[in-house]
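In structure tokens, one chain follows: the form predicted alone.
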């Protein structure tokens, strides 16, 4: 290994991100997890330094499209000669794929708002933008100052897809958004997405039934209009998948928005 390409490894608390860093700051970056792109941009990374993104990523429109986050084109990525590749979970981008790239790997896989803040600080160190990262963390924490105390903790179910019926479990960022907003996710399975029957939803009787609309739940019928949810008494809220289900900057505004919905509903006069 040449001295100008020395690698250093470190593991953040809770083990959610592993970074291998060159001795000089990355100048050619490929982002394989779209939720990380707004963070990279917010840290002030020039657009021409992001050379590759997934096909649905619109944050850096001039970057080469390198496939999806689950099926990236590794040969195309290698041809771009990146010195840093930002990837998601090991399930989405296993170590065997990472080993095929001659680049440093930053694994971005936060499951809570706290872990998002930790990942921002880690990215700031990797990209040589520590001050920008600290400022961004301060801004996001300040955004949460708008949260209002609730008269009680509402019970919530979050629909990921209607066909088949999948809901968010405890390993989803949605779980923490609900918690920060002041609610309780009734689905306690240690999974990101959980198959749940309509009968189980009715039995749980949530105060709020949130259903997302986006790539994972395209054009769903409103839950109140579904025959199998005829007895659903929850307040039904339609939300944007990109705003609620991606573990990025959006998660903070989503928590504030959801808190406001909870607050206004629970404080309505009978």
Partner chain sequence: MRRETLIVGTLVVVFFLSLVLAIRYGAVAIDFAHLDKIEKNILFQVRIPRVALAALVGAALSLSGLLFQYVMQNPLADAFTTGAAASSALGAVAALVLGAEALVLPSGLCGAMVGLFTVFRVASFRGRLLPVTMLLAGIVVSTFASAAISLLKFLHEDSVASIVFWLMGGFQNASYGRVGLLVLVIGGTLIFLWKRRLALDLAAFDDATAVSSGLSIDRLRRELLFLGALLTSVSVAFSGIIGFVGLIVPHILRLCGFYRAEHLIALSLLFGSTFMLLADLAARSILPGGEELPVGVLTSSLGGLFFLYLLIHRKRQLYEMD
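Residue numbers count along the first chain shown, from 1. Predicted model, so just to flag it, every value in this text is computed and none were measured.
There is another form of this protein, the form predicted in complex with its partner chain, and it is not shown here; the text below is about that form.
> Check residue 81 for me: does it contact its partner chain in the predicted complex (non-hydrogen atoms, 4.5 angstroms)?
Contact check for residue 81: no, nothing within 4.5 Å of its partner chain in the predicted complex.
> Do residue 95 and its partner chain come within 4.5 Å of each other in the predicted complex, heavy atoms counted?
Heavy-atom contact with its partner chain at 4.5 Å: absent for residue 95.
> Taking 4.5 angstroms as the cut-off for heavy atoms, does residue 38 touch its partner chain in the predicted complex?
Looking in the predicted complex, residue contacts with its partner chain do not include residue 38, since no heavy atom lies within 4.5 Å.
> Do residue 61 and its partner chain share at least one heavy atom pair within 4.5 Å in the predicted complex?
Although its partner chain is absent here, residue 61 would stay clear of it in the predicted complex, with no heavy atoms inside 4.5 Å.
> Answer with one of 235, 65, 218, 224: the residue that has a non-hydrogen atom within 4.5 Å of its partner chain in the predicted complex.
Going through each option in turn, the one that passes is 218.
> Find the only residue in 43, 239, 34, 202 having a heavy atom within 4.5 Å of its partner chain in the predicted complex.
By the 4.5 Å heavy-atom cutoff, the listed residue in contact is 202.
> Establish, in the predicted complex, whether 74, 112 and 252 all lie within 4.5 Å of its partner chain, using non-hydrogen atoms for the distance.
No, none of the three is in contact.
> So which of 81-89, 126-134, 191-199, 168-176 is the stretch with heavy atoms within 4.5 Å of its partner chain in the predicted complex?
Every other range fails; the passing one is 191-199.
> Could you list which residues of 230-266 come within 4.5 Å of its partner chain in the predicted complex, counting heavy atoms only?
Heavy-atom contacts to its partner chain in the predicted complex: 230, 231, 233.
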